[in-house]
Every structure is written in C-alpha cells, then in structure tokens.
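One chain follows as structure tokens, the form predicted on its own.
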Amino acid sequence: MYDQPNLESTVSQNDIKISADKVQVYYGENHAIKDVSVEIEDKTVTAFIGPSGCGKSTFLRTLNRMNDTIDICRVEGNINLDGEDIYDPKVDPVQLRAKVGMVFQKPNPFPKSIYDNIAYGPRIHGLASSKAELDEIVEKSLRRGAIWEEVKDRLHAPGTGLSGGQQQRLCIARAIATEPEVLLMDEPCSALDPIATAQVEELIDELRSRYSVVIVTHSMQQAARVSQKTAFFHLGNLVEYDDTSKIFTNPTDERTESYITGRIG
C-alpha cells in the first residue's frame, strides 16, 4: 500500500513543467485572455474546459507561441518552460514547437506518405544521421502513437488515405517524433466517432507517462476521464484550477458549478 503523506510529499516545484504568470492576450483591441496565472505539472494530463469563445484555445496557443502567426495578436506576461521564458527574443519558435508539440482539432496529415509524415520533423531538426536512425524514429513514434500495427505494411501509402481516427493518431505520432516534452491538444477528438475517440483517449492516458499533456475539450465527460488537473475558463478569465475530481465534485467558484451543471455553456 502507498503511504499517502509520502505520496504527497513527492510533489515539489520540480514537477512544474510550464508556469504562466499574469498572461494577457489581445487580438487588436479585443482583450481575449485576462491576467491568467497557472502552473502546469509534468507527466500529467491537464484539461482546459469552458464555454465556446472563453479563451481556452487562445491560451493553449500561447504555450508554444502559435499566436505569433497572427499579426494582430499581442501576448503580455510571462510563460516559462522548465524555468526559461519562451517569449525571450533569443528563443526560436520553431525549436520551441519541437519541444512543445501540437495536435489540432481536425486531423491534418501532410499530403505525403505515412513514413514521411513522421520523418518530416526529425529531418528538419536533424535528429537522425542515417536512414536506419530515421527508420527507428518512425517506428518508435508510430508505436507510441498506437498505430504501428495498423500501418506497418503500408508506410509509403499516403497519410490522407487513413480513417479519421487513424489520421489523428498519425498526427499525434508526428507530434511526438521530435521528442517533445509537452504535448498540446486542441479538441483532438471533436471530429472523431466514439470508437476513435476512445482509442485517442486511451492513447492520451498512456502518453502522460512521458509528457506533460494539455488538452482543450468541450466534453466535460472527456475531461473527467482523461485528466488529473482541470482549468475552467470563462470570458477570458481562468476561474478555477484544481484536481479534476475536485473541479467536478466540489468546485470552489459558483461559475464553475454553473458550467458543470449546465446552467451556463
């Protein structure tokens, strides 16, 4: 049996992977994210929940500087990955996104073979010095993406020829091929059927042994199933952040309770 006090004592500052402090995001004059501070733990699935337009996806995109691609977007405050400021001018966003991978709502395999979808990132980041090393990375990534057995005999077929659920697991495998430390997922199951959703959720649970996983989801049931921590966003504010079990059974803020019970949404 585990000794609960000792278990709790193992949680230390070292377990914090990403630390955000007083983050503001503006789209032109629109103040989309307001004063958000949060600490995201390593080897944990953290869910961002909240109504449509509440800012959860916008905040997720600040964690690997995806908002840099939007001309009118401005980010203020501090976001640290392992204690280092990711918005420091010396940080290369391309290198950052190799460390903080992203999986989008709609599966978006490249118009290339299954093999080349996975090999693309390791190639541009110089992670393999030979074809044999690249082959090894591709197989390992597809295994971690829980799709190797389904595609190992057709690696040179187009990735776009896979089913929706397979495409999404291919995209997850592609994201982890660059050996990231954090995996961001923006509603990764919203375009999938229930069987494919269950497969991706099972994969997310396996991935947390290696990565810090942050998932935006509209499904409270999904957040409850896959995450250990949950952050509730409303109108650009981070209303509440706590253990998932507490958020869903005994939230502190009445706005959280209203959302969980369906009174706001």
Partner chain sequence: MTDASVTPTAAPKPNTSLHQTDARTRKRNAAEKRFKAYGIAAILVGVTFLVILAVSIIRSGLPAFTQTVISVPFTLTQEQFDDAESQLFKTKAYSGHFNSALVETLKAEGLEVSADAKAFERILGKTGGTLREFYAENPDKLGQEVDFELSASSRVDGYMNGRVTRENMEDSRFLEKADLDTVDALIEVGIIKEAFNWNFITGADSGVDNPGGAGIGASVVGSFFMMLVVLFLSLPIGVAASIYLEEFAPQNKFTDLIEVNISNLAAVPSIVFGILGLAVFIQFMHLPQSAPLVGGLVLTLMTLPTIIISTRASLKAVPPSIRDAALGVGASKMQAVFHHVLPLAMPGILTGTIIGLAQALGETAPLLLIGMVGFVARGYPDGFIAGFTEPNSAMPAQIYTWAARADVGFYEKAWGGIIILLLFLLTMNILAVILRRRFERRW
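Quick caveat: nothing in here was measured; it's all calculated off a predicted structure. Positions refer to the first chain, counted from 1.
The same protein also exists as the form predicted in complex with its partner chain; that form is not shown, yet it is the one meant from here on.
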- Note on the structure: With a 4.5 Å heavy atom cut-off to its partner chain in the predicted bound form, the contacting stretch among 143 to 151, 188 to 196, 107 to 115, 77 to 85 is 107 to 115
- Message: Please tell me whether any heavy atom belonging to residue 131 falls inside 4.5 Å of a heavy atom of its partner chain, as the geometry stands in the predicted bound form.
- Response: no
- Task: Please check if residue 156 has a heavy atom lying within 4.5 Å of any heavy atom of its partner chain in the predicted bound form.
- Result: no
- Distance check, residue 98 to its partner chain in the predicted bound form, heavy atom within 4.5 Å: yes
- Query: For residue 174, is any heavy atom within 4.5 Å of its partner chain in the predicted bound form, or not?
  - Reply: yes
- Is its partner chain close enough to 94, 125 and 178 in the predicted bound form that each of the three has a heavy atom within 4.5 Å of it? yes
- Find the only residue in 203, 38, 66, 239 having a heavy atom within 4.5 Å of its partner chain in the predicted bound form. 66
- Task: At a 4.5 angstroms cut-off on non-hydrogen atoms, which residues of 159 to 173 are near its partner chain in the predicted bound form? List them in order.
- Result: 160
